[in-house]
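Read the single chain below, which is given as structure tokens and is the form predicted on its own.
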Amino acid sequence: MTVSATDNKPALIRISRAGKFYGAHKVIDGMNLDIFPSEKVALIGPSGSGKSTLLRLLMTLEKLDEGEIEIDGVSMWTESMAGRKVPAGPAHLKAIRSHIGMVFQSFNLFPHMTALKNITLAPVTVLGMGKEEARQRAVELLGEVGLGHKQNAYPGQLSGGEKQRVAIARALALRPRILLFDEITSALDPETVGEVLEVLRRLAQRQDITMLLVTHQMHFAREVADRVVFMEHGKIIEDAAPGQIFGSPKQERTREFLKSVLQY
């Protein structure tokens, strides 16, 4: 089931009958999901439910085995050539990926580069941005995530929360329309989780970015998400506004899951 308060707008992300296998195991099973411009959608569910795989499919880090994914009406995995559909080539995938940024649980910063250089690298190499413009953009973004004083620090000199904030700034440097967050607080010390969630709260107020967040932070999901999608075994079990999901979920399996994680 898919719901949205913006049904009058075309979907920015359209996932149709999507399937993904790892060997004989189907990790995404016939999924249909529309995400609309500027929506903030939280993906919740038990480990192994396919949440992270879904983000990796959207980032083209994994290839879809069945179905279709469209970004702003353009097929991700096929393109037209001489009047017929063919598998998407590298240039097509790069163009699709240019709209999307992803922040990982494990930071993925280059250890031999300063925070500033970690952020400037992709705009220069991917967008062809001038080095000075990229540097100015990186300085601004570090300020936005509260790390203006850490420009010249290397990842090894940063706390986990600081590394994750640099990773968020790096994703923003490419000016994506869509941002994907894959359990980005799960590897952090409890004392540093709050500083990262505060950055996400500010991002959630922006109307120029669509966000999908895989998270185990249920209270945070309730606070910032427009919709919450509960997944299990590669399927969407329930998709609704946070008030319904956390207040009166319709599906028994949703109720069981929330009872176990919220202990009520």
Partner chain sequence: MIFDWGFAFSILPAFGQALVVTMQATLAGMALALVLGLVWAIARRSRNRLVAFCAGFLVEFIRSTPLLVQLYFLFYVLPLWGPRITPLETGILALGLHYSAYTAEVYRAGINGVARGQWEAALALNLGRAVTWRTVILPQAVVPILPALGNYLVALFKETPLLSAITLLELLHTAKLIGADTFRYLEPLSLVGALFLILSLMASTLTRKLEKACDRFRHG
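Numbering follows the first chain given and starts at 1. Note that the structure is predicted; figures quoted are calculated from it, not measured.
One more form of this protein, predicted in complex with the partner chain, exists but is not displayed; see below.
Student: Can you work out whether residue 111 and the partner chain are in contact in the predicted bound form, taking contact to mean some heavy atom pair no more than 4.5 Å apart?
Tutor: Heavy-atom contact with the partner chain at 4.5 Å: present for residue 111.
Student: Is there a heavy atom of residue 97 no more than 4.5 Å from a heavy atom of the partner chain in the predicted bound form?
Tutor: Within the cut-off, so yes.
Student: Is there a heavy atom of residue 204 no more than 4.5 Å from a heavy atom of the partner chain in the predicted bound form?
Tutor: It does not: once the partner chain is placed as it appears in the predicted bound form, residue 204 has no heavy atom within 4.5 Å of it.
Student: Quick one: does residue 216 come within 4.5 Å of the partner chain in the predicted bound form, counting heavy atoms only?
Tutor: Answer no; every heavy atom of residue 216 is more than 4.5 Å from the partner chain in the predicted bound form.
Student: What I'd like checked is whether 56, 60 and 104 together line the partner chain in the predicted bound form, meaning each has a non-hydrogen atom within 4.5 Å of it.
Tutor: Checking in the predicted bound form: 56, 60 and 104 are all within 4.5 Å of the partner chain.
Student: Specify the contacting stretch among 158 to 166, 184 to 192, 135 to 143, 115 to 123, defined as having any heavy atom within 4.5 Å of the partner chain in the predicted bound form.
Tutor: Every other range fails; the passing one is 115 to 123.
Student: Within 4.5 Å of the partner chain in the predicted bound form, heavy atoms considered, which of 153, 74, 88, 174?
Tutor: The option sitting close enough to the partner is 174.
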